[in-house]
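Just one chain is shown here, as structure tokens, and it is the form predicted on its own.
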């Protein structure tokens, strides 16, 4: 008992020291932000002055949040090494974007500050407003589980070590800090913090993997997965949870969409100084897109082995966690297996990863609602004061929503599938409007409107709606592909019919 208390106290001491060092580093990093305080370009796209290294770091930090670690660890625990295909799919999709400059290069060329601003350039102001609402709705719904999942993950990790920390208060505090510095400096504050957090999290995950693979060597992990999961633990096409449609869906969602369509990532292209740097940044970042999926999934695989090897962990450690067992397995392993100093360092790195996602998401959705919905409606698009205060107010409102939604949503899909489905509410039409507008001269306002309306059908894939409609047997990837197909058909048919009507009117005149 005394030994357990000593370990817990040691963990709390290291946690306090590392946390203070982290806060001091963040404050030091923001010391010069006030010098860049004016102008819409500064506030929304950080003065558009990012070089290659900074662009890669901020893109990586945004896409490797605590939620990313949690859902990939959950996938690795449940599906074994076959979950690695999500990372490989992300690599392929992001490399495709970087190699061809798909969407990211031409959107940077437009000089817009937000993505819906391009909708107005290409389709008209009403499409800008409607598209911004759909974009923000999908994004805000997407981040609904961030706080809940992060709290469960960190609570399990620290409690397993005996550290008594009120994680809910901690997470609310982290959100509060993210809100403050994001409101203060806009996108520049987001990028400054992201760069530091990227290296901190990379170090924490690297240390954790090195330590745990000494405890559970790779060959032993392979043997345990083979024994308990069979071929499905290695081959995604043989795994009943995946299959061909799921793999193809992951190439689209985890790769192409996450890099070139999802606003929090695509907005980084708008911040890069030189157009020719955009492709290189995304091509190199494809390795990060691979790592952000595979490393946490590997931790999940190790957690499965840890609790199925009696001499190391044992399944009794997971008893009592019920349906949350797959979510808490990895943090429980980390808390049980790692020494106090390493656990505390990893916890602070995960605090940082949570904040790096929070600041990017809060700023992205708030700026879109302020600049692309409220701005056109009230005529304040170019009013710097109105845009800044509108964005800051909405950052606070969205953060409060996140606190609420994280407590009430009761879906049955796992975390990653919830994120993919909720995000598809936007990206099923977003990929059509962006790619169609940039690469097809015949696209029109009517086509864009029909695409937005039909793409919203992706909401059917959320488990409560699927259940209500009696579609439980239809997989989320199939619904997603169907929604994209409907959106594309609406886009093409709407554009062609509008052009035909225009031609008839011009002929009659």
Partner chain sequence: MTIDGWVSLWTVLLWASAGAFGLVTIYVLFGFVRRLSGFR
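Positions refer to the first chain, counted from 1. Note that the structure is predicted; figures quoted are calculated from it, not measured.
One more form of this protein should be noted, the form predicted in complex with its partner chain, which is absent from this view; the next part is about it.
> For residue 110, is any heavy atom within 4.5 Å of its partner chain in the predicted bound form, or not?
Contact with its partner chain, no.
> Whether residue 310 contacts its partner chain in the predicted bound form should be assessed with a 4.5 Å heavy atom distance threshold; does it?
No - in the predicted bound form, heavy atoms of residue 310 and its partner chain never come within 4.5 Å of each other.
> How about residue 236: is it within 4.5 Å of its partner chain in the predicted bound form, going by heavy atoms?
Although its partner chain is absent here, residue 236 would touch it in the predicted bound form, with heavy atoms inside 4.5 Å.
> Do residue 146 and its partner chain share at least one heavy atom pair within 4.5 Å in the predicted bound form?
Heavy-atom contact with its partner chain at 4.5 Å: absent for residue 146.
> Pick from 373, 348, 195, 327: which has a non-hydrogen atom within 4.5 Å of its partner chain in the predicted bound form?
Contact check passes for 195.
> Could you check which residue among 159, 88, 435, 397 gets a heavy atom within 4.5 Å of its partner chain in the predicted bound form?
So the residue touching its partner chain in the predicted bound form, by this definition, is 88.
> Counting heavy atoms only and using a 4.5 Å cut-off, do 249, 453 and 483 all touch its partner chain in the predicted bound form?
Not a single residue of the candidate spot has a heavy atom within 4.5 Å of its partner chain in the predicted bound form.
> Choose from 134 to 142, 282 to 290, 360 to 368, 418 to 426 the stretch whose residues reach within 4.5 Å of its partner chain in the predicted bound form, heavy atoms counted.
Stretch with heavy atoms near the partner: 282 to 290.
> Between 134 to 156 and its partner chain in the predicted bound form, list the residues on our side with a heavy atom within 4.5 Å.
Residues within 4.5 Å: none.
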